[in-house]
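In the structure tokens that follow, a single protein chain appears in two forms: structure 1, then structure 2.
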Structure 1
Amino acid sequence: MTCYYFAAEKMNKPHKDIDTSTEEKIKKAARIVFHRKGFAGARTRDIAEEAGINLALLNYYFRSKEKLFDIIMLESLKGFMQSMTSVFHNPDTTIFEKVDVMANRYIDLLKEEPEIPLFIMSEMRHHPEKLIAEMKPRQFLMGSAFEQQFKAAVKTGEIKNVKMIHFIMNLLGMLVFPFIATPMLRSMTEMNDESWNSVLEERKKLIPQWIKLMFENH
């Protein structure tokens, strides 16, 4: 028992073909299976099969299902929150420019990995203690450029006097909900891949317009 996770990073090895290494194959497979089935529904055997490796290698490289899950979850959470945080903390864009960037960036991101929001929300409900701390949700809004801009704009009457959380709920709701309710929404309207995709593309432009209409004072 020599080479567990991070071992390769502690020693500085040649790191040949990192993307085809066994460790990376397992992580990639774990991402797919965990995203699709969640922690409880995913079996280590599913992951091993998806990765095309022997079951024992999972424990050899990552010690346990839970440790592997923690790594995948942390990465997913980072990917999901990071763009959001950087946008909201950027002082060089206006409120509505932020919305624009969010819409474009998030719809592209979620088209690549559509299961991420439901995965994160589910696991966050099932193990809140563990994940809420990891997410550092306080730093997301509190003291952000967005918060300051929002409060200022309410004061000047530029935008309507409603709680900031409504703004966030509406933006994220319109952005993320389609990816959470995909099976329901798609079967309701019997959309094929192409028209589903075009609806998502339309929303990149429409969501910023809608947000303006909702919150801007005219």
Structure 2
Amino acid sequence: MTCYYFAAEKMNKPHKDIDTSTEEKIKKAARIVFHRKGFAGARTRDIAEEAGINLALLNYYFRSKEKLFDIIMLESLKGFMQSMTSVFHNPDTTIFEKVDVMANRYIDLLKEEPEIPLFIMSEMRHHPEKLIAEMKPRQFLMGSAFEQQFKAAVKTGEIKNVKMIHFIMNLLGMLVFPFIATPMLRSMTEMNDESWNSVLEERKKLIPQWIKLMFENH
């Protein structure tokens, strides 16, 4: 997917002509349509109808489905990263309490925005520098209370002496993979929407337990 979300072009019209309320209305409608039909199934005409505007006006603001999708996904990711940064920098919660919060918030986000994992994969392949510059993942972890707690827990023997990156990779893998492989997993097990959502809710509790067992130094 070709993404140019860093240049929000508006058909070369003066900035003063842009109505932010209309822009937000379009983005809200696009979220609904993308969630309902996915990126591939959504049409700009569907988004315009959902927003109650004509197609020409939508094109005036965003020009293409791809640009609108990129903007929405990036906004969702930035909002989530800000939310999680506050969790990982909180000195008043333990390592595993942070994992519990992350599991709950991440699964809720991906249930609402199931296209995000594939968006990240596409961007990391085609525009890694731009995505990293926008998301600033280093600020999420380095220098955080979580990093200090992890190092202290390794030093005292509370958790296994492993690199912190293994902890993060295992956590993200458990959280993200089910959403990337949803069609395959659901087909494999013949799950309907209700059953699949039930499994995702179960993972909110199971993932923190698995992570704890994996890294605790018994």
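The model shown is predicted, which means the values in this text are computed figures rather than measured ones. Basically, rigid core = biggest C-alpha set you can superpose within 1.5 Å across the two forms. All residue numbers here follow the sequence of structure 1, with the first residue given the number 1.
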property: Displayed copy of the chain that is the form predicted on its own; result: 2
property: Point of rigid-part switching between structure 1 and structure 2, i.e. the hinge, among Gln139, Glu75, Pro114, Met124; result: Glu75
property: Relative rigid-part rotation, degrees, compared between structure 1 and structure 2; result: 29
property: Value in Å for the CA shift of Arg36 between structure 1 and structure 2, taken after the core is superposed; result: 9.7
